[in-house]
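Below are two forms of the same protein chain, given as structure tokens: structure 1, then structure 2.
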Structure 1
Amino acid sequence: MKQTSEHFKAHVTAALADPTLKIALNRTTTLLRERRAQVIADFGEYAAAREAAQKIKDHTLDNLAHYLAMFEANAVASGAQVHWARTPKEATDIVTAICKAEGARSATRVKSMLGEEIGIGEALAAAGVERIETDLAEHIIQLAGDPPSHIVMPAMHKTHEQVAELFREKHAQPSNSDEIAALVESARRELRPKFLNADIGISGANFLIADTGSIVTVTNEGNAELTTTPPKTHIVTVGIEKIVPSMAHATVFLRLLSRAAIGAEITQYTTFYNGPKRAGDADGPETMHIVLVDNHRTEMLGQFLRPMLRCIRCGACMNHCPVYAAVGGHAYGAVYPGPMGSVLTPAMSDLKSTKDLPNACTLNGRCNEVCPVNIPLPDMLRSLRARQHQAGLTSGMTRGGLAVWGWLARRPGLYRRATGLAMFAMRVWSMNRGRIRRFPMAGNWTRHRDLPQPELGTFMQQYNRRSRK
């Protein structure tokens, strides 16, 4: 079945029935949460840095046209060529036109969510250009024919045992070991010649610095430098919201990005690119093209979704989301999964085809708590739900259920009696086993996991009991 948001419920059913996926998700998300918690606890300036990052982003968005014009002028002065694209097709047309003009047969690519967003892989294939993914995880999913399942850890859905089997099938010189170090060596042997022989290097950018015209990439493997340096042409595809005013502002985000994304103080490689190779430089591309992509971002500026443009693509919201942890990224059927994807995907397409995504959330607020730029994701998800309801996109059963709940909620005495009766019935139904395996109208929950036995009494009953102590 094609991975689209319209098939979200079918994807969820398949994901919940996959025990290997659960193992892979638990291994990685648990590790990332623990690492993040530790480095944040050790970072005494975290709250101040988070507040500063939010203010920088909001200021930049308020003056986006000014800073983009400044960036373009400084990038051109450094020798780069700047292109503007309103849509994904315009962006990929620019990239493929450059490849054709250079007579390119192969292109190495650094992992970039913007590249996934505009469909650069499909565009290169249609243009007859071999695409070589150089990030280890992207290399894995390219061999497997999978889309990314996470914006930082795109192969999160794979166990290392599955990767070992894949490499033995696809690599020219695979390792017989399932150990991670051996798998890395196998990938290095496979990719190193392709780095050196590629005609084009394609990257994204974590940040654009307006007052210098610089491109910033942040990686842990060094593949960005190997991708952008040997080929004679470097192409950058990047969303216009990645702009920051100056180097000093960029350093604020660099201190937050790695901590939020992988639980490290800083990544192994942070590289600043300032145009193509100059006279006297030992290496570097002969030409550099920067493609600035809009794709609904300017529309978001004037809407309630504006705070989403602060996003630095760290993935922390996914790592702490109980829904993502249960179903993984592919279930969302979109480039951007998890809480941030449940906001971005409707913004970049439409509410009707993505109607299930804003509802794939418990509204527990973890995503907002861990976001390094304080994006109010639960508030935006609630707003999207309200807009769906107003547009008549919710099911008749949902609308009927909300109407009944609203009628009860306006009658507090009746509401308390009804909820008390429901709690009593659930405890009787569970027969004091602590778990409910089946319950009327709860089939979607109990089909894949037990429903916890409710506490003694409703929230209000427990609150009143404790208040009297």
Structure 2
Amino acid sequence: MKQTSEHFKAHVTAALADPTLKIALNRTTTLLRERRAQVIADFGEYAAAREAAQKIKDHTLDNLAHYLAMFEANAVASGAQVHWARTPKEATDIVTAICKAEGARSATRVKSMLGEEIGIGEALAAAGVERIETDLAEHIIQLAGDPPSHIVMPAMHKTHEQVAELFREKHAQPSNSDEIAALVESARRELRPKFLNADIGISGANFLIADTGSIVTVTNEGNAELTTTPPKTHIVTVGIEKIVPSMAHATVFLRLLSRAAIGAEITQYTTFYNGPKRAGDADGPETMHIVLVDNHRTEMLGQFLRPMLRCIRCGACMNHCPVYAAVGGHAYGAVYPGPMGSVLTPAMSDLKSTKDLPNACTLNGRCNEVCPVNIPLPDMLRSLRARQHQAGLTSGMTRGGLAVWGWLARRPGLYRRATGLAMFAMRVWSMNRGRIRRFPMAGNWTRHRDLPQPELGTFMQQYNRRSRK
């Protein structure tokens, strides 16, 4: 997708004017928050597991070269072909070259955010390969021509009524009911034959296991295995930070990922893949390619954004973010929305065009609290603001305002007189009504809410008056 984060404010205006979006976001975030809270409350060992998960990721990042080399050797020993890509372009070039070599006309795909990140959809289209999205949500947004709005539930912005209308228009045998179960059945009918006839199956990976060379997918629908088994070629595109030392280490994350993402103890289907089909196997692909992608990850490894590489893409931060819940994922204009996206998007593009993202946050800390690997998202967003300030990207108004206020705040006597005067003016302006409906320079506040009438005298003025008595 084309990144449009520079239009964040315009996106927000559009999002807030869309009553259907509000309904969709409300229904979904409410359910996801409730389910997560319940399943975490039932998991007595959660705090210890979360701490261990953080440590395992930190350990793996500290020894990243060691584990990547180990993974590569084991994956090759299992019969997979391993490729390396520094950029999205390098990654998609590898994928399309494989498609070309195989003479592939169609590819089924199981959703992966890395795939979105490198623009695999556009690349396949340019290479003339029909792309069939198999995750229900990805199927919905592919039919609608929408970008994803959430990393776990890409069609979160759609109500079931909208999906029903879409399926009636696009499906060969649509259901005549708007019930969610009927919509799911309609998608099953539509996609079933496509699974079995694709030339290529493309997946991402939730984890890479260093000591076996396995890749792991986690789904609830079972579409990963239906995507990666029938075609003669299985291509995996995956970020290098997904690596963990062993299957036992991965287990710590499997328990956290599903709980954080959807409030379930485990997802329905967890599959470990080792190379292509074995001699004599009943089914499975003839070849397996694994494309390991950097795309700014090694850059992040060397700076303050390093903890972001712990991210396991559960989406809990966005499910619990008040800003995300108000405006939805499309407002961010990037592959990764919400708090984690507001860190990743600047890191993967530039500070300037993504200027709003780190600022559009109340720093309330909920995202860090619910993060299963304890990423200090608010601190990183704050640090990004500091880098914007250093780079001179803050608006003249903000800089000027801060300068004047900062100058005054360093002169307590003058500050006391200035605040005293300002509050007195505000008090007069209030006409003793208790609240102020409009006030010069405070339009962004008073457009939506009242200001209180200040007391007669600031605290310091009143205190000093009383002390003198």
Partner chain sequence: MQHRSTPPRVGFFVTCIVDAMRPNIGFASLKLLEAAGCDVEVPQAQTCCGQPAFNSGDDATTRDLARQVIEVFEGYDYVVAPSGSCASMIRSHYGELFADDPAWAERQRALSAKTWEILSFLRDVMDYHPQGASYDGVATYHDSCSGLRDLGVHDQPRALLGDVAGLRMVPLQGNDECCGFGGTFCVKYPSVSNAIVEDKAAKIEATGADTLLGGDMGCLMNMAGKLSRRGSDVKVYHTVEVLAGMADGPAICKPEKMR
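Worth saying up front: this structure is predicted, and the values here are computed from it rather than measured. In this text, the rigid core denotes the largest set of C-alpha atoms whose superposition between the two forms falls within 1.5 Å. When a residue number appears, read it as a position in the sequence of structure 1, where counting begins at 1.
- The form predicted on its own corresponds to structure 1, not structure 2.
- The rigid-core alignment places the CA of residue 9 less than 2 Å apart between structures 1 and 2.
- Comparing the forms between structures 1 and 2, the C-alpha position of residue 439 differs by 2 angstroms or more, with the core used for superposition.
- Put the two forms on the same core and the Cα of residue 44 is off by less than 2 Å between structures 1 and 2.
- The two forms line up on their rigid core, and residue 419 then has its Cα shifted by 7.5 Å between structures 1 and 2.
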